[in-house]
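Presented as structure tokens, the chain that follows is alone, the form predicted on its own.
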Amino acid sequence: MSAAKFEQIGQALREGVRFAVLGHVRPDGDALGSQLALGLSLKQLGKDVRIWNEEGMLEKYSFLPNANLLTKPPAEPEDVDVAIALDTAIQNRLGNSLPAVRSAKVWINIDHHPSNPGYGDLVYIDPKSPATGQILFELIKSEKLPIDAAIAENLYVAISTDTGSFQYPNTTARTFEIAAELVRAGVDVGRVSQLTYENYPRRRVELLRDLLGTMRFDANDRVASFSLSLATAKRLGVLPEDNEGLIDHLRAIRGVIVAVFFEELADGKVRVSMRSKSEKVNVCAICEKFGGGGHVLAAGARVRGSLAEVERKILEEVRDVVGRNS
């Protein structure tokens, strides 16, 4: 089945001339690495390629090969033959990249989120894949698309970041086999890992110190959470990207099953991130109740209300689910 779908997607990639490669708002390493990897492969096929993300390239991932090619979408829409949404469970999560595509003969949707409803003309969703970057590697190999050291490094970062540096339960033997192939293709693991995991700005550590000051525990210490207010974010001068991965400090606590991070946003909503250490506690199902989604062990939502209101509603639901399933 995957071979047939890959063949259809590969045909669209070869036949199209003008492409827009898109990823979700508040991008992570999987989204940005996947966008650059596929965009670079298409460029080597001689295609006219735009690589757009609402946020542009994040400072923390600016080391990625050809990072400068990933830009914010233009104010005026552009015509393309093929629009490709990568790692984006819900189409409106493409943000202002979506209206930047005026017309597309074909929409391709490649993702690994189980909550993806399957929008688009050509759809490949594999919830068992730990990263969209892993799906793209399989697509590139299956369809004999171009791959070089730069593409390999972008794919490696995509896979490494979405597997928690190959530590999460979704990491498979195939994941390690692909990583080995990417190393053979030119990835310098030591250099890339240092740039990815040991290259944070001081403000991020200052933010962590502040967040730990708000840390609280519920459900007999099986639920841990912390919160970031707009006032604190402004005082510390942090960027939205500085939050990525900080929730792992809560998940790493012995006995904690669910970790929750609340981030107050300027639009009257609160961004909620959840992580679970047990498949019995499906945080995707919890987040879907609040209009979000994601994976069984990692999910999120944006919930309207004050920080205190959203904390109360979410933690009440989490306590209930943890109480019934652990």
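Please read all numbers here as calculations on a predicted model, not as lab measurements. The first residue of the sequence shown is number 1, and the count goes up from there.
The following text describes the form predicted in complex with ligand 5GP, which does not appear among the structures shown.
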item: Listed residue (Leu64, Ile257, Leu42, Ala299) with a non-hydrogen atom within 4.5 angstroms of ligand 5GP in the model of the complex; value: Ala299
item: Heavy atom of Arg271 within 4.5 Å of ligand 5GP in the model of the complex; value: yes
item: Partner proximity in the model of the complex: Lys60 to ligand 5GP, non-hydrogen atom cutoff 4.5 Å; value: no
item: Contact flag, Arg50 vs ligand 5GP in the model of the complex, heavy atom cut 4.5 Å; value: no
item: Proximity of Gly292 to ligand 5GP in the model of the complex, heavy atoms at 4.5 Å; value: yes
item: All of His249, Lys277 and Arg319 with a heavy atom within 4.5 Å of ligand 5GP in the model of the complex; value: no
item: Contact set, 231-267 vs ligand 5GP in the model of the complex - heavy atom within 4.5 angstroms; value: none
